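Taken one at a time, structure 1 and structure 2 that follow are two forms of one protein chain, written as C-alpha cells.
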Structure 1
C-alpha cells in the first residue's frame, strides 16, 4: 500500500519539478529556421503540453493504467515498449557489476581490516584514494584508450557486428567479452568506496568489547573474525546493499553512454536533457520499485543478522 503512495508521490512531485525547470521538449525546434511558430504550437497542443498541470498528470495516469507509461514526445510512441528491451541490457550490466563488486569488496575489506598499519594497508589506502580521485568518465575513457591501444577488448556496444550469424555458445561468449570493459569501469567505480565501508565496519567490530572478550577467552582469531566480528559488522553493510539495488538502473548511465551499451543510459540521458518527460519518469518509477524492494530486503536482512532488532509490523 505504501508502495503505491510512494509511486504517486514520486510521479506527482516529478511533474512539479519538471514544471519548475525552464524549457520544454519543443523548445529546440524553434532553432530550425524552417519551422514556424505555429507548427511548434500545434505540436505542443497535440501532446497536451499547453494544458494545466493537473490535466497533464491525469492524462499520464490514464496512460499508465493502459500500461503505456506515458508517451514519448521524441519517439512519438508509448514509453513502455521503449524501456523493456533496454531495461534488460542495463540490468545485465549492473547486476553483474554489483555482484562482482560485493564479491570483491567484502573479502578484501575484511582482510584489510585485519592488516592494520602494514604495507598492505598503505597500498590499499593509496590505491583506493587514487580511484576515488578520478571522475567516472575519465576512468571509462581511460579504459577505452587502453582498449584502442592494445586491441584486447571491443571499444563499445554489446555484441559484435556479425553477432546474428553466430552459434549460441559463441554469442554468449561475444556478449561476455563486450561486458568486460563496462563492468570493469563500474566495479572500479564502486569498489573503492565499498571496500572502505567494509573495512571500517569490520574494524569497528573487531575493536568492540565482546570481540575483545572473545579473544581473551582464547577463541582462535579466525573464529573470532567469522563468528563474532563479521555478523556484527554486517549492519551498515546490509543497509548499503539495500540502497545499492536502487541504483541498478542509474549507476551505469555514463558508462553506457561512453561505451555505447544499448541500455537505458543513453535513452535516459537524452530524455532528461530533452525534457522528454514521460520517458524520464519511466526509469524513475522503475528505480523507485527497486528502491522499495532493496529497502524491504535490507530490513529483513537486518532483522535476520541481528536478532535484537524488532521490526515493527508495517
Structure 2
C-alpha cells in the first residue's frame, strides 16, 4: 500500500514539475521562420498541450493505465514501446552488477571482520577509502580509457555488428562480453561501501555476548562464525539490499550514457535535451518502480530470515 502511494506521489510530482518547466518540444519550432505561429498552436492543440494542467494529468494517467505512458513527440509514438526494451537492458545490467557486488562483498567483508588490527585490515581500509573517494565519472572514464588503450573489451554498446546473424550461444557470449566494462564500473563503485557494511555487521555479531558464550563452551571458531555470527549479521545486510539497488540504479544511468549502453540513461538524457516531457517521465517512473521492487524483495527476504518479523505479523 505504501509503495502504491509513493508511486502515485512520484508520478504526480514528476508530472507537475516537468509540465511547469519553461518551454516544450514545440517551443523551438518558433525559431524556424519556415514554421508559422499558427502551425505551432495547431500542433500544441492537437496533442492537448493547451489544456489545463489537471486535464493533461488525467489524460496522461489514462494512457498510463493502457501501458502507453504518454506520447513521445520526438519519436511520434507512445512512450511504452520505447521504454520496455530499454528497461530490460537496464535490468540486465543492474541485476548482474547487484549479484556480483554482493557475491564479492559478503565473503570479503566477513574475512575482513576476522582480520582486525592486522596488515590486511590496514590494506583494505586504504583501498576501500580510495575507491569511495574516486568520483563515479572518473572511474567510468578510466575503465573506458583502459578498453581503448588495450582493446581487450568493447568500448560501448550492447552487441557487436552482425549480432543477429550469430548462433544463440555466440549471441549470449557477445552480450556478456559487452557487459564486462559497465558491470565492472558499477561493482567497483558500490563494493567498497558494501564491504565496509558487511565487515561492521559481522564484527558487531562476533563481539555479541551469545558469540562469546559460544566460544566459552569450546565451539570451534569456524562454526561460531558460520552458525552464529553470520545469521545474526544477516538482518542489517538484507535491509541494506534495497539501498544498494538504489545506488546502483542511479550510477547505472551515468554508466549507460558514457558507455553507450542502450538502457534508460541515454533515453532519459535524450528526452531532456529534446524537451520530450512524456518521454522524460517514462524513465523516472520505471526507476521508481525498480526501487520499490528492490525494497519489496528486501522486505520479503528479511521476513524469511528473521523469525521475529513472522511472529509479529501473526
Partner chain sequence: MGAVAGMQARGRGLLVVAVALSASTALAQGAPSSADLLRSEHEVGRAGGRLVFALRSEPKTLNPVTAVDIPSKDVIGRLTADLVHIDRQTQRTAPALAKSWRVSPDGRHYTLELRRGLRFSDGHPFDADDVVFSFQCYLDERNGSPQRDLLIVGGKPVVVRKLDAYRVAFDLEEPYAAAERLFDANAILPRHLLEKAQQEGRLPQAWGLGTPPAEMAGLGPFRLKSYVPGDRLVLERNPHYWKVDRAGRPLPYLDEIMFLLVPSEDAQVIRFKAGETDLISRLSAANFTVLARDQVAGRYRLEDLGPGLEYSFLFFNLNTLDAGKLAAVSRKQSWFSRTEFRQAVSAALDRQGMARLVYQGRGTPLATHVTPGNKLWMNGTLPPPARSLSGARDRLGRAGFSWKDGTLQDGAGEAVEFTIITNASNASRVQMASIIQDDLRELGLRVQVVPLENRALLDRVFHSHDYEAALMALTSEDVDPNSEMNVWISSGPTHLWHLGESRPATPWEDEIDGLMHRQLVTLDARERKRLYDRVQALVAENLPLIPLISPNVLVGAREGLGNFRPAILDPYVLWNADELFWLPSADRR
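Numbering follows the first chain given and starts at 1. On a predicted model such as this, the values are computed, not experimentally measured, just so you know. Note that the rigid core is defined as the largest set of C-alphas that superpose within 1.5 Å between two forms.
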In this pair the form predicted in complex with the partner chain turns out to be structure 1
Against the rigid core, is the Cα displacement of residue 76 between structures 1 and 2 at least 2 Å?
yes
So, does residue 281 move by 2 Å or more at the CA between structures 1 and 2, with the core held fixed?
yes
Superposing on the rigid core, is the CA of residue 192 displaced by 2 Å or more between structures 1 and 2?
no
How much does the C-alpha of residue 246 move between structures 1 and 2, in Å, given a rigid core overlay?
4.9
